[in-house]
Ligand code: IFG
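As a starting point, one isolated chain is supplied in structure tokens, in the form predicted on its own.
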Amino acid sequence: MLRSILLFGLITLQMFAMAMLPTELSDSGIIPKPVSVIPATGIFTLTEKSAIIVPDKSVELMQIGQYLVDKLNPATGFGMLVKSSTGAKSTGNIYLSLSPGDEQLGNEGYQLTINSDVVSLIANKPAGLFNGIQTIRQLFPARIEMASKQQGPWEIPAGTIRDYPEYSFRGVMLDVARHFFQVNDVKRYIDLMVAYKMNVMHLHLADDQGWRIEIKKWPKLTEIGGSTQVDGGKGGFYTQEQYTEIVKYAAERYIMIIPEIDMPGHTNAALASYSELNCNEKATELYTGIKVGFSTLCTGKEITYQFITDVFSEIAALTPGPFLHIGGDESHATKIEDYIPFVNRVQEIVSGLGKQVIGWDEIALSTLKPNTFVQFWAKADNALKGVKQGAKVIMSPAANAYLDMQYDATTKLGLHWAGYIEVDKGYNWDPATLVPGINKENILGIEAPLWSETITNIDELEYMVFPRLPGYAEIGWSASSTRNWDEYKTRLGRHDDRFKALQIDYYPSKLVPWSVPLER
């Protein structure tokens, strides 16, 4: 009798496990939405005998394979390895390979083929393989993301996914100046954004309330300027070694770091650190409030440009990416006749360091150098001025894309000066049609900034970022013609188990049908 009961229990458990799985590849709820999903008959099963196979001992491919192993092993408990092989494909394995020449896939696209025997992931470039791995993660049950061993089976439906991004620049911004975030917090944010195929992290490293990056020629910037933050709490800063650690960690995940030193406004932390940067030669008091527009570097003094050269020289040497962000926003204390030549000269400094300038949309009031990029956040007229000068635009409209805006009037964190941004509003906009005169060919990509006036720790960060970030990822990756809120919110609802498995503190928007029984 007991044996019969146990047998019945095992059969019931097996049936329940099968019910948790999507029956077709097209039911998998992938975010961002792929270009093409073609279901096929069959199920691939990952087992303790499975391995990740790369075609040669390329260090980079082995690292990508190890990344996947590190994601799969904790929950499965299989102890899978990355192996090198050029022989015939063996059942149960996942194969990663480069096959250059598919122009449509570009640098970041991939093709994923799944059958009952093997999974085959191919791409032109390593970044494409890395993006394909994020899709593989989403195809497995959400519990694959757990840090401890979980019950299988580990199955995904058969079929073919062909996928590549709409925009090459898909970013987030983290303000570490208003409130400081430790290295591990930044790494955590990187890990969460790559899960949705984003590829840029913009770090806002200096503002009125704090200076967060060590500059060896100007040590008081961190000694004094980095000592506090909003509301007077203890500040902090990244040593150059710590910043390098962040850059390396990001690069291993195909994330480009863009450092920003905002100027000539938003500079009180620097002005409090060095009196000579002020026109009156007197250092300002440290500031821990959240007002804007009251500070300015002394644009007429030569020491100011030596300071900027020194700062950007040290940061440029630590940053392999092509961009330095010069800020340029809300410089209300700087006369326009001073602001324009200042921005023009700073562009020359950055260009002389072999980097390209990004600035908030106000910089388009100046004469833009070739390969300067304008980040639209507030005034469409400014962005249009940039386009007329030949600049490409990064779309970060505050009313649609600012992650620090409250979801609604009941949200305890965040601000609402640009309006409330519920999940549907964050998703329902098209970068290529939002501003008449700014078309797709004028756009480099999108970025969702998180300013930290009210955000003090990683849990609060996650609450404001999720569940909006997957929507911004889809705006950047998927063609606008394929996007639809009613369809998307159902896919998003299926990710709540994944959020929980990843221990993300997310906002459970009432607009989203959470816990749709896809993997339960």
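On a predicted model such as this, the values are computed, not experimentally measured, just so you know. Residue positions are given as counts along the sequence shown, with the first one as 1.
Not pictured, yet referred to below: the form predicted in complex with the named molecule.
Stretch 402-410 is the contacting one of 402-410, 157-165, 276-284, 304-312, since its residues have non-hydrogen atoms within 4.5 Å of the named molecule in the predicted bound form. Checking E108, E145, D329, E447 against the named molecule in the predicted bound form, a heavy atom within 4.5 Å turns up for just one residue: D329. The contact residue chosen from E460, E453, E60, D27 relative to the named molecule in the predicted bound form is E453, the criterion being a non-hydrogen atom within 4.5 angstroms.
Among heavy atoms of R178, some come within 4.5 Å of the named molecule in the predicted bound form. The closest non-hydrogen atom of F169 lies beyond 4.5 Å of the named molecule in the predicted bound form. Interface membership of K197, defined by any non-hydrogen atom within 4.5 Å of the named molecule in the predicted bound form, is ruled out. At the 4.5 Å threshold, heavy atoms of L415 reach the named molecule in the predicted bound form. Residue W360 is the only member of 333-362 with a non-hydrogen atom no more than 4.5 angstroms from the named molecule in the predicted bound form.
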